[in-house]
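As structure tokens, one chain now follows by itself in the form predicted on its own.
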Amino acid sequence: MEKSFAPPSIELSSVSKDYGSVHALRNLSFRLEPGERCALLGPNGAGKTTTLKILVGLLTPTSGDVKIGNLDPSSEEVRRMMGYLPDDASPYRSFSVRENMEYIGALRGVDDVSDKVDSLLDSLQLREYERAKVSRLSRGNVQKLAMALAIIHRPSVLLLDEPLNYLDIPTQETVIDHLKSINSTQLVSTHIMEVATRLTDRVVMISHGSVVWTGTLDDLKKLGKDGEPIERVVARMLTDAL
């Protein structure tokens, strides 16, 4: 039986990230409570991917402080507990689907890794491709494999960059069910409101690397005027932030 642990919190305090004269993040601050599922919502170029890369330890902030359960993102303990789906996921192209899953599962210390791989192959409709090299897969199947690699160890912190990209509708529903079944703190980066509403309960809205608004989805809907669609509310708020 798998042990159950309380998922940790995520906290960014006055985080800035500069690339020369370009300010990707500007004093970005927000916190996710343990087990919270939150959308990092904003237009392209808002700083969403940079934020996730800092949280996963791939980038170092220019200034500010980042903690995952009061630990540094680069610590071994955080690396063990974290799952990450990047926006440009690239599993090992010379490996087969099964080989990728078994290899990452073994690196992650997954018990009964073969059984876990079989379960994900079936639930993500990858069984017919299990012996196929990644280089021969469609973009949608690469995305399904990348999702499997991100969740195979049932992480307690899950960072997802546009997780439903390239997926057909049945697979989207399967992935949504998987993510909801995992006891984890989840931050979902997206510019698509429907993804936020299907996967999360709260929104951190950013523009030009700064927080524009934060609150629950219900709070966001209440900002609409006379039945105004939530997408129009968001568009108006982001336009006002320019």
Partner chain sequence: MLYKLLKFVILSRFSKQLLVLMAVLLAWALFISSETGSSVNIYHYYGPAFLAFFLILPILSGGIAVLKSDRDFLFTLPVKRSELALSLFVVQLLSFSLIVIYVLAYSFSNLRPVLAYALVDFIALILTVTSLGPITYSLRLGWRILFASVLAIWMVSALLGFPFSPAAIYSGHPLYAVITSVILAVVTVPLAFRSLSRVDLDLMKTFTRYSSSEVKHVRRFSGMTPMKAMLEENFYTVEVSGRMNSMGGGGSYRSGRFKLSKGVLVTAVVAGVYYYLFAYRLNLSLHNQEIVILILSIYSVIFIMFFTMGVLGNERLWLGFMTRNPTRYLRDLLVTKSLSLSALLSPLAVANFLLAIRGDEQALNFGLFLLIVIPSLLIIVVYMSAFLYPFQIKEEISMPGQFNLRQMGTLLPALPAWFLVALSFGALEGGMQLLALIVTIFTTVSIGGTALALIYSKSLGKRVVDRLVTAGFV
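Positions refer to the first chain, counted from 1. The shown structure was predicted, so the numbers you read here are calculated from the model rather than taken from an experiment.
Here the subject shifts to the form predicted in complex with its partner chain, a form of this protein not shown in this document.
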{"query": "Contact of V66 with its partner chain in the model of the complex (heavy atom, 4.5 Å)", "finding": "no"}
{"query": "4.5 Å heavy atom contact, L199 and its partner chain in the model of the complex", "finding": "no"}
{"query": "Any non-hydrogen atom of G109 within 4.5 angstroms of its partner chain in the model of the complex", "finding": "yes"}
{"query": "Close approach of Q125 to its partner chain in the model of the complex, 4.5 Å, heavy atom", "finding": "no"}
{"query": "In the model of the complex, the residue from L164, L120, L160, L149 that sits within 4.5 Å of its partner chain by heavy atoms", "finding": "L149"}
{"query": "Interface stretch in the model of the complex with its partner chain - options 209 to 217, 51 to 59, 186 to 194, 38 to 46, non-hydrogen atom within 4.5 Å", "finding": "51 to 59"}
{"query": "In the model of the complex: members of 130 to 145 within 4.5 Å of its partner chain, any heavy atom", "finding": "R131, A132, K133, S135, R136"}
